[in-house]
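Given next, in structure tokens, is a single chain: the form predicted on its own.
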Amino acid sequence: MAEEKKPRREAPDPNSAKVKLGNIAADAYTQAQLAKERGEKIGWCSSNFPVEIPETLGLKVCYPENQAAAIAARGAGQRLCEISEADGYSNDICAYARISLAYAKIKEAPEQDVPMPDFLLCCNNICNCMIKWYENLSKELDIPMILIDIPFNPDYEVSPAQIAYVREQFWAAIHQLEELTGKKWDDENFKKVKERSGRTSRAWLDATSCACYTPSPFNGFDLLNHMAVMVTARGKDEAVDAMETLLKEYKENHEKGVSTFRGEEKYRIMFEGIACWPWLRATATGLKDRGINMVTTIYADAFGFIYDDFDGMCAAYSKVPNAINLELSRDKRIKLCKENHVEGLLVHTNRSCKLWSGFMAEMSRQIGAACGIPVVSFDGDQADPRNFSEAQYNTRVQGLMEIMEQKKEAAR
């Protein structure tokens, strides 16, 4: 019996947003490696550190959180976590941290190599675990660490006092980097970076808001993949071009009535939390097979930074998801659910992210009540595959689908 030939997959369009975004993510590591080989000092940078600072100074940086997500998605999360655990790091701390600390020890991973850093840029507006993670990297690698402290904001707005506090730290970090690297800050260059970052962010936010259409012109899991560019490169010309291309494609999809979501979009949900990178296929398939499209997530929108000046930048970095109170966090999610016609909320209780998951039970209860939608949660982890059960996930998703279907039937 002749072997059945698989259909040939067409080569991707090099001018598509998907290819452009993929190239930017890959090029970031290449450029950092080349800078290292030229003898330039390069850094490792936390995801919510103001990327405009190294970009304006012309410094190459890599993002350990992105590297850890890539390593986990390519199947090596457990291997690197176990290296850190053998060194005494608890299984209870963030898996991104355990992977990064292991990489700092072994200095290579075929799943995603990055050049070793000469300095560290840390900002605690995403979590305070970040400080201990980077302090340990600094000690193990014997390199300087620059820390920006952005306090948790209990109010709805960012106060002038907090902006002043953050502004002084931003300038202190700039001066420390000038001294460390010999690079000089240039106000005109900052304006260009700010404008590019604003254009990239507006295109990204407009693209994600296309989920308001029914059917959505995209599969929400696309956002999780494209988000890496928003984390690492939103101040670059290439990112402006790629995100504006993405927006154009989503608008065209809507006009043609097509979507990157494969299959019929029967239900629309919001996904809460970081992706389970080791189980991305299982979590995506569990939704797709039931006709459930994840149309929005606060995690994707978190990296759209729009501001007018330096103080505006300080305020923007003081309003990222893990640095704001429950009420503002809740209201941002309610807005997304209502604008995007969400019918259910799927919450990832992420073992790695205690801060995020800690107040999620109460927040998701309030979101469900305000939007009149069912809420279910599942246990998982952003990078450690041992903390996820596919059977539990599918049971919870099935339950969510049945409640959404009952509500549809009742409304008919």
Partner chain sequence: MNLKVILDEFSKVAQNPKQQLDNYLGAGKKVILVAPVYTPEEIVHSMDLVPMGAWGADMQLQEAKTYFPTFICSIVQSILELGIKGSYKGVSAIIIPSLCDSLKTLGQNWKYAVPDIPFIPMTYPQNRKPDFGIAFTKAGYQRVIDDLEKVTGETFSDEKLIASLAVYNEHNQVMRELAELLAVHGEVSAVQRSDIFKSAYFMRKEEHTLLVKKLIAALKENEPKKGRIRVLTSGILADNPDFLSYLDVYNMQIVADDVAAESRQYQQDAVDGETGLDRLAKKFADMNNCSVLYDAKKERIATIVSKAKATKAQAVIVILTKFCDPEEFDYPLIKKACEEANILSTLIEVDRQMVNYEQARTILETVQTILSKQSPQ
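As the structure is a computational prediction, the values presented were derived from the model and not from experiment. Numbering follows the first chain given and starts at 1.
Quick note: we don't show the form predicted together with the partner chain, though the next part is all about it.
- Message: Within 4.5 Å, heavy atoms only, one stretch in 284-292, 229-237, 150-158, 302-310 touches the partner chain in the predicted bound form. Which?
- Response: Looking at the partner contacts, the answer comes out as 150-158.
- Query: Of these, E252, E339, E178, E168, which has a heavy atom no more than 4.5 Å from the partner chain in the predicted bound form?
  - Reply: The residue from E252, E339, E178, E168 that makes the contact is E168.
- Query: Of C212, A316, I174, I131, which residue is found within 4.5 angstroms of the partner chain in the predicted bound form when only non-hydrogen atoms are counted?
  - Reply: After the contact test, the surviving option is I131.
- Assess the spot marked by K139, E327 and A361: is the partner chain within 4.5 Å of a heavy atom from every one of these residues in the predicted bound form? Checking in the predicted bound form: K139, E327 and A361 are all within 4.5 Å of the partner chain.
- Is Q162 one of the residues lying within 4.5 Å of the partner chain in the predicted bound form, judged by heavy atom distances? Yes.
- Query: So in the predicted bound form, does any heavy atom of C353 sit within 4.5 Å of the partner chain?
  - Reply: Yes, contact at 4.5 Å.
- Message: Does any part of A97 reach within 4.5 Å of the partner chain in the predicted bound form? Heavy atoms only, please.
- Response: Yes, A97 is a contact residue.
- May I ask you to check whether D92 falls inside a 4.5 Å heavy atom distance of the partner chain in the predicted bound form? Output for D92 is yes: heavy atoms within 4.5 Å of the partner chain.
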